[in-house]
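The data below hold one chain only, encoded as structure tokens and taken in the form predicted on its own.
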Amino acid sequence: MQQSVWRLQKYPTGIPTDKDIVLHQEPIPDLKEHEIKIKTLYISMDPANRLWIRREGSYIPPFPLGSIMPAITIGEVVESRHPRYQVGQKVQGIFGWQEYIIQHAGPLNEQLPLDNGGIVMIPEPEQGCDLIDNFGLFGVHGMTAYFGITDVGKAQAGDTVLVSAAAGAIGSLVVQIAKNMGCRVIGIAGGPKKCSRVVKEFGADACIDYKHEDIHFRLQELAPQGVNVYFDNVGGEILEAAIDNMARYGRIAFCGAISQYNGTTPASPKNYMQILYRELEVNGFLAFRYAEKMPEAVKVMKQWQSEGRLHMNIECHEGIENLLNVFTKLFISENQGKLVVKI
């Protein structure tokens, strides 16, 4: 039996193309003792996937050439030779762009965590929830947004919070969480349609269109006393504008820098001395740091969801052959929320 598999042919320069990530037809291996076969149901499209295939690496070593293109996926166990996994069980892991996964399921008495190659069991969705929520609200995106604004950014009621990529998967959640905490929220997004959604749909008090407006001027106008918390998803010039408009003792939660993921020479903020002058706190973070605290975050976010105070837009495409085209949407600002591909 054959399956479709995308493999990393060479490390991309710029936005990945079909010369970098190549679609193959390959046989599905037979199952061995303590392995399980997983049928892929959904594949998550995330900016972090681009970091994982940089030649120089990132917060993890680069995936070797020839590897299956990595991504977080949700699947269903269709065959098992491991006592802890039964046919029909829904699971999640960093499995990649492929139709079927054959993987050793780890120790008999222990489930390894997601960031350690684990196959994480997913319970049946509660009423009002969906399986894909494990990518979004109750997955890495939701946890990144929640802990980034509450723990890293230390947002408090009355704070002025600035969020870049505010119409995106993580940014839109940060906007809503900050508003639920009683903060005044300013978003940054590209284009009038996205800015309108940030305000009308996600509840921000204002949104700056970085494609058509002067960010420095608008921030001075919208936050004359300065920004208390900046949640950074993009880096680059927008980060510089935020630094110049931070209040004294402000906090910057550094989540990502998508503006630089396809470049070869990442730019540092030219105004970094303002971090000293304003006595700013800048923290980079990864959601996996909060693995033990995630259940409490999920409880809070489920409550907000049930009250209609938190939601996440899912843009779902279909077909394994379309993975690369969908992935590139992340880097040209074409997506309207969390990108997922149904296999």
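Computed from a predicted model, the values in this text were never measured in an experiment. So that there is no doubt, residue numbering starts at 1 and follows the sequence shown.
Separately, the form predicted together with a small molecule exists; it is not shown, and the next lines address it.
Within this chain, F285 lines the site of the small molecule in the predicted complex, having a heavy atom no more than 4.5 Å away. Within this chain, A204 is remote from the site of the small molecule in the predicted complex, having no heavy atom within 4.5 Å.
Interface residue remark: A48 is counted as part of the site for the small molecule in the predicted complex, having a heavy atom within 4.5 Å. For the chain shown alone, Q98 is not a contact residue for the small molecule in the predicted complex, no non-hydrogen atom being within 4.5 angstroms.
The stretch in contact with the small molecule in the predicted complex, judged by heavy atoms within 4.5 Å, is 285-293, chosen from 302-310, 33-41, 272-280, 285-293. Think of it this way: in the predicted complex, the small molecule has a heavy atom of just one of A155, I170, L137, I74 within 4.5 Å, and the residue is I170. With the partner omitted from this view, the residue of A257, A223, I132, A241 that lies near the small molecule in the predicted complex is A257 [heavy atom within 4.5 Å].
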